[in-house]
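Have a look below at one chain only, the form predicted on its own, in structure tokens format.
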């Protein structure tokens, strides 16, 4: 062969260059970036840190409030980076979007491989590989191979291992597994996070949070959400029938309770007394007891015992009020208070017959007022307004479902495993040899005990002699 012919037989180095050494495409680079576990960990760390900061720094207050508390420069810094409304800021939403994209692509990237492991033909595993596995056992029996396979096929399901078998050139291979689906636990966790984020998005778009103050005896049907200029019509009325407060001996509030009534089209729908940890929910809108405010006016309820008529009045301090139907006049002319809490009330009362009645009574109590030929019951208390936080979050059940799903996914991922058992039965030196091997993708030390107990149990089939 000549030189030219020889050169033709030798391929040029550039012509043999593998396409594997070519630079990856932009799509591959972007895909690998979003499929990275490091990106997920970094994003979760940043979100966690931001959440901690958002918990420490009070949110959604006026800029003047931050300037007064932290100083003008820090207030401007907080406002510049939207740290005063962190969970509604564009960069926090961008982080959540990045995390969602990462979880979706990471799942799509890894799911085919995991699904392939779940659906793999485990009876196609070479026998040599089984014998070389770290977790294995072997023994012999005088039973014929066919009888040994029958015994093992009966014994394995009794121990919770559903068995499949396949004939090979040298013998019979049995296979059983538990928890193959547990490999999907990580994808359940990914899905749960996405469901929680979907719930948060639904709540932020379709829900609202705000506060409202209702004076005793009055009602509202609109609220103003936090950070919004427009009012939202609730679609029903909420009336504060009464407000009660209890104090400790040192004057600190012990418990405050609002008695609320829901009206629709002037028809009473629902009544409930709410406290701080016992809200009222109607049509997906929840009213939480949050605060109160005392007034200089008083709530006076007067009952005519003779005819049963009853009426409640809002009575300004030291101003006369008249009940025309009963031709009576009354007023609060003095009070006694302890730590800004009215404890005793001085009442002036007359019904045009005789001299006016003047008497002291405990706030919130009821006293009998007897006039010439007439009898009344009178109760008086300081007027309050109840402060309610109002919230509607239609995505809350998505969030709850996501949390439950996350717990199931985490339990599956960390406490359950995919366990496999192979048993090969063959005839060797006029005896039936049995080789057993097993593997687990997690909790391998725990699987060692399960494997050993199962091997000991299977050795005890009749006419077996240890190898």
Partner chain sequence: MNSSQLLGITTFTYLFSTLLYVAMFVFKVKRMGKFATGFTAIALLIQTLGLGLRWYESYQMGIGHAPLTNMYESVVFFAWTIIAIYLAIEWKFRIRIIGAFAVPFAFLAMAYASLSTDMTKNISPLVPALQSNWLIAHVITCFIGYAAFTVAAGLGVMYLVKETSSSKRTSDDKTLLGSLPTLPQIEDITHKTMIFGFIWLTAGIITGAVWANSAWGTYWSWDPKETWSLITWFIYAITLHARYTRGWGGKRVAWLAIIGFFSVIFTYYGVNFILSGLHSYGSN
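Just so it is clear, the model here is predicted, and its values are computed rather than measured. Numbering follows the first chain given and starts at 1. Each form is matched to the other, and the largest set of C-alpha atoms that superpose within 1.5 Å is called the rigid core.
Heads up, the form predicted in complex with its partner chain isn't pictured, but that's what we're talking about next.
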property: Partner-contacting position among 426, 407, 35, 63 - heavy atom within 4.5 Å of its partner chain in the predicted complex; result: 407
property: Answer option from 330, 376, 256, 384, heavy atom within 4.5 Å of its partner chain in the predicted complex; result: 256
property: One stretch from 274-282, 321-329, 147-155, 170-178 that, in the predicted complex, holds residues within 4.5 Å of its partner chain by heavy atom; result: 274-282
property: Contact of residue 52 with its partner chain in the predicted complex (heavy atom, 4.5 Å); result: yes
property: Partner proximity in the predicted complex: residue 368 to its partner chain, non-hydrogen atom cutoff 4.5 Å; result: no
property: In the predicted complex, residue 393 touching its partner chain (heavy atom, 4.5 Å); result: yes
property: Its partner chain contact in the predicted complex: residue 47, any heavy atom under 4.5 Å; result: yes
property: Heavy atom of each of 190, 200 and 443 within 4.5 Å of its partner chain in the predicted complex; result: yes
property: Stretch 208-224: residues contacting its partner chain in the predicted complex, 4.5 Å heavy atom cut-off; result: 209
property: Threshold 2 Å Cα movement between the shown form and the other one for residue 254, core superposed; result: yes
property: CA of residue 60, rigid core aligned, shift of 2 Å or more between the shown form and the other one; result: yes
property: Did residue 46 shift 2 Å or more between the shown form and the other one, C-alpha, core superposed; result: yes
